[in-house]
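This document contains two forms of one protein chain, each encoded as structure tokens and listed individually as structure 1 and structure 2.
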Structure 1
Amino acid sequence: MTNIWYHTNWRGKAICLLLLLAFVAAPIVADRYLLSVLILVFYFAYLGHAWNLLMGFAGQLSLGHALYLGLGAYTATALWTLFGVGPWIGVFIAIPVAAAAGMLVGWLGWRFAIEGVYFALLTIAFAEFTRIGFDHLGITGASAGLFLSVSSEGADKWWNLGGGPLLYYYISLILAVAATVLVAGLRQSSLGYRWLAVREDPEAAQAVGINIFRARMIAMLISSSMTAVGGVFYGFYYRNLFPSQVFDIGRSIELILAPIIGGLGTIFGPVVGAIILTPLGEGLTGLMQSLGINAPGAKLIFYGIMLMIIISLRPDGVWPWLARQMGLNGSRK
């Protein structure tokens, strides 16, 4: 991080600091709705970072990150509703649960040389398998869902991850910033360089003595653990969980859009992607409402078209291009 920070020119530093300051101060002027949009921006930036570690750095396409999101969410919320274990402790149980699942997927995939599309399908299969499993798991409410009470003792206290929008706003902001710092640090570490080597040319990486399997497994470990933390946030923010929603392949897809649109394998890509995509979706909803159009699919149609346009015109993502336009030497990041 120090390294990257050192090499960023004054404009880059100024923009970074101003943006951060603006986000920290935003609640002074922003209303509830704007805060809820910003929470989603940070949430997707955070999850985007988690996924980008595996895909952007280690070069392994996962389309089943909903598995770790859902396991994290379900573990923490079930511990709270069933045993009264608060989320700040629950998160430390949610992480190993999701990480174990990640390790299993990674081990099965990479031990047996399943790569590319095949690996992506393996991750989908595990997520879908688990989704249907949870649909029939009575203890967490099966397909009828798991609900967090808002009226029980202490449910609205911050130490139980309950309360007003400000709490979630700052938690999601801290998560997003911390993830950015972590990713920047990892990128500069020897592990980061090993990941890039493995991504670019696995055989050559192996020839210079890098343990490919281990490098990928570490990426999966960090990625699934981070996603689990996002899942805990998801569970306590929305306060209801349905297997058909949290484990859905739609979840896996939505969390990979920000890093792909922003720029795979870059440090600020997931953030830029989330800043572009989330308000776009929200703005469309608002526009449709104000025009009095009640067309349930129209927003997603536009979303799909935007995706196709962006990937056709800027396949490397928006961030590298934006960084060049703004004259930041961060474009190499």
Structure 2
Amino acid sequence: MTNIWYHTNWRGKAICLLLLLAFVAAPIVADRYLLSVLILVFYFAYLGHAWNLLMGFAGQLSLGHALYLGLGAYTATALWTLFGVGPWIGVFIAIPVAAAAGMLVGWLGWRFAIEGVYFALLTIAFAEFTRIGFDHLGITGASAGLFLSVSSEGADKWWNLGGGPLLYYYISLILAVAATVLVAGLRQSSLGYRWLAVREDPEAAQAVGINIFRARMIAMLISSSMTAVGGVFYGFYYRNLFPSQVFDIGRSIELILAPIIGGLGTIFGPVVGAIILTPLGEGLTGLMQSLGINAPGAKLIFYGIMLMIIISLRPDGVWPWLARQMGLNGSRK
């Protein structure tokens, strides 16, 4: 991260600092609705980083990342609902649960040389299998859903994520910033360069001594663990979970759009993609509600249209082009 910061020109540093300062100070002037939109921006930027690490850096297409999101969410919320274990402890249990699932998917895929679209189908299958299982798992409410209780003592305190939108705003901002710093550091590390070598030419990477299986498994471990943290945030922010929603393939597609639109394999692509896509999607939803139009799939159709436009006009994503237009160094980062 320090290497990237050092090689970024003064304009790029100034823009980063000004944006960060603006986000920190935004609650002073923002109303409740704007705060909720910004929370989603940071949330999808964070999840975009998690997925981009596996796909953009290691080159492994996953269309079932809702699996790790759902496992993280259900683990932490069930611990709170059933045993009163707070989210700050629950997250450390949710991470290994989701990571174990990710390692299993990765082991089955890469140990048996399942590549490309077949690996993507494997990730979808695991997410769908888990969704069906949770639909019939009574301890987590099955298909009727799991709801977080707010009646127990201490449930409304900040250490149990029981505060208002301001608390979730700063938590989501910290998650997004921390993920950006982490991914930037990994990108410039020896591990990051091994990922890129494996992504570009696995056979050549293996020929020079890179353990392809290990590199991919590490990427999956980090990516699934990060996604689990996002799942904990999701569960306590919305305070209800339904298997048909949290494990759905639509949830997986939703969290991969930001890095694709912003720029795969870049550090700031997921952030830029989330800043572009999320307000437009939420604005469309608000407009349709104000007009009394009930079309549940309209947002996904809108996302699909946006994706086609971006791919047609900017195949590398918005961030590389935007960085060049702004005269920033390291536009591919």
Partner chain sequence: MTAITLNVIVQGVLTGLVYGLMALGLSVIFGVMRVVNFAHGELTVVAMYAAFLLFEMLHLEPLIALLPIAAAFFGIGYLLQRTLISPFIGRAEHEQFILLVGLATVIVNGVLLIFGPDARPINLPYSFDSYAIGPLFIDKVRVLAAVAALAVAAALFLFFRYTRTGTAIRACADNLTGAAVVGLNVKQLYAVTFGLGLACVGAAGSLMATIADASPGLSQAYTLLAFTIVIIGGLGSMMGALVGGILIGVSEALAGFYIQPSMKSMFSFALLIIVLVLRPQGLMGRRL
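Numbering for residues begins at 1 and runs along the sequence of structure 1. Here, rigid core means the biggest group of C-alpha atoms that superpose within 1.5 Å across both forms. What you see is a predicted model; the values in this text were computed from it and never measured.
Visitor: Name the structure that matches the description of the form predicted alone.
Guide: Note: form predicted alone is structure 2; the other is not.
Visitor: Taking the rigid core as the frame of reference, how far in Å is the Cα of Phe302 displaced between structures 1 and 2?
Guide: Spelling it out: core superposed, C-alpha of Phe302 shifted, distance 3.4 Å.
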